[in-house]
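Given as structure tokens, the chain that follows is alone and in the form predicted on its own.
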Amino acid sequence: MDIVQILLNGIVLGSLYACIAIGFSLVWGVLNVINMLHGSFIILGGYLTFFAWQYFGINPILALPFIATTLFCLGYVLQYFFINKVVTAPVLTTLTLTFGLDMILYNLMTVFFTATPRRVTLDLGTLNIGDLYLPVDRLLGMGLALCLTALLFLVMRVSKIGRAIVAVRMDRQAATLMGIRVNHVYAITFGIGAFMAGAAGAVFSMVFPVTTNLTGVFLGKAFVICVIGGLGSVPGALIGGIALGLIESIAGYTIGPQNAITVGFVLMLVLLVIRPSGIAGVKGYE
């Protein structure tokens, strides 16, 4: 296989990975909450996209905003009424709570949707450029993932709520004194994380089969990407996602796809030792 083909495959895959991790990174960096629900949110977004396409004939691109908004509402409610009660507790407490909520959501999806892999089949063909082959559905997924990443970057940079999120992240007490409703900002932040997870699930359902058996895989990849790219940074999630995609693509070709994930985890451990804040992380969120 040509090295250019391997690199292109890695960049396309890495863009999708970045979309997976960006919401997880935001919640972890702002709330200091390791959201164990994140993988289930992604799968729920994928399932809802599939069912909207199969039973109602709704194009997944048109369904994406509504599904992502539904996940935002779910995330907001869970944060505001449950997680906010313990958000200032030690990390182990919030970790346990989100793990319990994840088990509930995971089992509900398994009972009502089953664990059968499902994928939105668009049959868009393959783009051939010389000896390079790129499925159009993957290119479409990459484009959507990059657009979502850019959208969140703009929201964090120029919007009022984005500035409030940054203020709370930097100093919760000072933000409170400035009149910012911290619990509301926390709920919106968690909702945005769920929004991005649902959108990522919708995009992934157009490229790969989704099933509840993948919740742990997606959560693990999000964790690795956050460590590689760094917390509290949208560009960091993009860098970490593309880095992991390239690593898995190259490792899959050289030492076999069954070992590619292991290489990613090894890199994560190395970075934890030599650069805990990640490649583009915000100092103070090691």
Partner chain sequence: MVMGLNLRTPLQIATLACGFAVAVGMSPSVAADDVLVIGAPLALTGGLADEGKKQQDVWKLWLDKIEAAGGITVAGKKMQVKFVEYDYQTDGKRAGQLAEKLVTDDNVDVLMAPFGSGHTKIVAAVAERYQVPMLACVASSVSVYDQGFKYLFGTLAPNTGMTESMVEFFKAKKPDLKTVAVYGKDGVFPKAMATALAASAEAGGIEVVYNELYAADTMDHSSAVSAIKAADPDWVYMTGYTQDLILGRKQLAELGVTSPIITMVTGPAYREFTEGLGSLADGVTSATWWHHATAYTDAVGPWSTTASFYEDFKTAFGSDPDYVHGSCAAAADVLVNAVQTAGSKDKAAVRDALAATDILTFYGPIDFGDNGMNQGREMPIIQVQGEAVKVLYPAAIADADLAMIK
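Residue numbers count along the first chain shown, from 1. Please read these numbers as outputs of a predicted model, since none were measured by experiment.
Absent from the display: the form predicted together with the partner chain. The rest refers to it.
A.B. asks: Of 107, 176, 88, 93, which residue is found within 4.5 angstroms of the partner chain in the predicted complex when only non-hydrogen atoms are counted?
C.D. replies: It is 107.
A.B. asks: If we define contact as a non-hydrogen atom of the residue within 4.5 angstroms of the partner, is residue 57 a contact of the partner chain in the predicted complex?
C.D. replies: So residue 57 does not count as contacting the partner chain.
A.B. asks: Report whether the minimum heavy atom distance between residue 159 and the partner chain in the predicted complex is within 4.5 Å.
C.D. replies: Flag for residue 159 set to no.
A.B. asks: Can you check whether residue 253 is within 4.5 Å of the partner chain in the predicted complex, heavy atom basis?
C.D. replies: It does: once the partner chain is placed as it appears in the predicted complex, residue 253 has a heavy atom within 4.5 Å of it.
A.B. asks: In the predicted complex, does residue 79 have a heavy atom within 4.5 Å of the partner chain?
C.D. replies: Because no heavy atom of residue 79 falls inside 4.5 Å of the partner chain in the predicted complex, the answer is no.
A.B. asks: Could you tell me which of 93-101, 190-198, 176-184, 161-169 sits within 4.5 Å of the partner chain in the predicted complex, going by non-hydrogen atoms?
C.D. replies: The contacting stretch is 93-101.
A.B. asks: Using the arrangement in the predicted complex, list in sequence order the residues of 118-142 with any heavy atom within 4.5 angstroms of the partner chain.
C.D. replies: In sequence order, 119, 121, 123, 126, 133, 135, 137, 138 come within 4.5 Å of the partner.
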